[in-house]
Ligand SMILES: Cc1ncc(COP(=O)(O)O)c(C=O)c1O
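First, one chain by itself: the form predicted on its own, in structure tokens.
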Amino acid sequence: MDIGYWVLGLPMPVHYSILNIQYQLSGTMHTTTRILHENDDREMQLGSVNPPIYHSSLFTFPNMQEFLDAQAGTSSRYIYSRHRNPTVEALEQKIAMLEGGDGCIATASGMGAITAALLATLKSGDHALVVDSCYGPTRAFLDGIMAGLGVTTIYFHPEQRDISGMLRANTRALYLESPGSLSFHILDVPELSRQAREAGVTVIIDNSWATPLYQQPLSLGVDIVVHTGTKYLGGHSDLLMGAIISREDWLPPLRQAAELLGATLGPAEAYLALRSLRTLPLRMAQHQGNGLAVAAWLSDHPKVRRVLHPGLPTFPGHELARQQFSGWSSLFAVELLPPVSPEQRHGFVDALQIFSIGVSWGGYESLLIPLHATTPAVMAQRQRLGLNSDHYRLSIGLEDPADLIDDLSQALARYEIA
């Protein structure tokens, strides 16, 4: 039984099971098994059950011809860890399998993946069309560094379904994020990808929220998928990591961009990420159930105006989300009723005992941040997305949901509404 749907008393979607197991008549291994064993060669690793950490910046050669062959690309030997490393490659192969891509480039952070993807697809004089609800640092990179390089960016509202009129002759990239980082708007990814494809525009999407278990954008028409692997893929709040996944034709320019930026992942972080992938289905099932339990409880609270969780039937984009996702993660937002004074906002956050104040998400611990705008530009953008200072973003961790609800309950008891 699906934990999340059981919590809400809803029927479980027929296409989803708690561990993302897709039974196939062909006898192909299930995803949860492939995560554990895909591309593992224990005989090559002296029987080690875990791939070794290759703490080596460079690799040497027994003779000159082997060196020349490697330089020419006609040999599979490793040269330098910024280009290829055995530990990192083991991680890349598993992530590519999960996303259904031809290959993956693991990067040193989520922004390493995002910036490499944008630099590989855009050059001076190009135009990018970007969803207005994208991750804040993505916007800062586009409006700062990319603008300085001569790239023009236009943002479209996430509720806009027809973007054909915004595509220009020099549009080279459509950048999506579904759901959005703060407002959780759901995009019609297949339709937006279709419009872009007809105009010859490359589609990039940030898939960090859903993970490859719950959404596979390449099958929806997207060209390039990026991940902030620091979140659910890492899952333990102890590493920085990113990933880029694509079909074969985009892999060379994407890898070149990541390597020349120096954004490739180190072997120690790759080893931690490999450890985390082994429990990803189990952790995501728990995140899903916990998140839906807390979101449903908040929806019924008298001091709550609305809950922005794509998995709730009351969420405006829920039906569209069900068509594209096979499960839900545990990041969402809640809007409280206005307080009698601004100090009440501080009091609510400071009264929490299990929830910590932290800007990341997807780890084992529960976090909460107020969506308080610090600049006029950020305030204007959040108003366009329907957000205000009474919104809070929650990342529900792996604690018992009853304890999380108790914590929110005692903090809300002190919160006085106008």
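Quantities reported herein were computed from a predicted structural model and do not represent experimental measurements. Counting begins at 1, following the sequence as shown.
There is also a form predicted in complex with the ligand; it is not shown, and the following applies to it.
Among the residues 114, 88, 233, 295, the one placing a heavy atom within 4.5 Å of the ligand in the model of the complex is 114. Just one of 310, 110, 217, 101 comes within 4.5 Å of the ligand in the model of the complex, counting any heavy atom, and that one is 110. Using a 4.5 angstroms heavy atom cutoff to the ligand in the model of the complex, none of 335, 344 and 389 count as contacting. For the ligand in the model of the complex, the listed stretch (206-214, 123-131, 246-254, 275-283) containing residues with heavy atoms inside 4.5 Å is 206-214.
Under a 4.5 angstroms non-hydrogen atom cutoff, the ligand in the model of the complex has residue 241 among its neighbouring residues.
Proximity of residue 177 to the ligand in the model of the complex falls within the 4.5 Å heavy atom cutoff. Within this chain, residue 193 is remote from the site of the ligand in the model of the complex, having no heavy atom within 4.5 Å. Put simply, residue 181 is close to the ligand in the model of the complex: some heavy atom of it is within 4.5 Å. If you take 356-379 and check each residue for a heavy atom within 4.5 Å of the ligand in the model of the complex, you get just 361.
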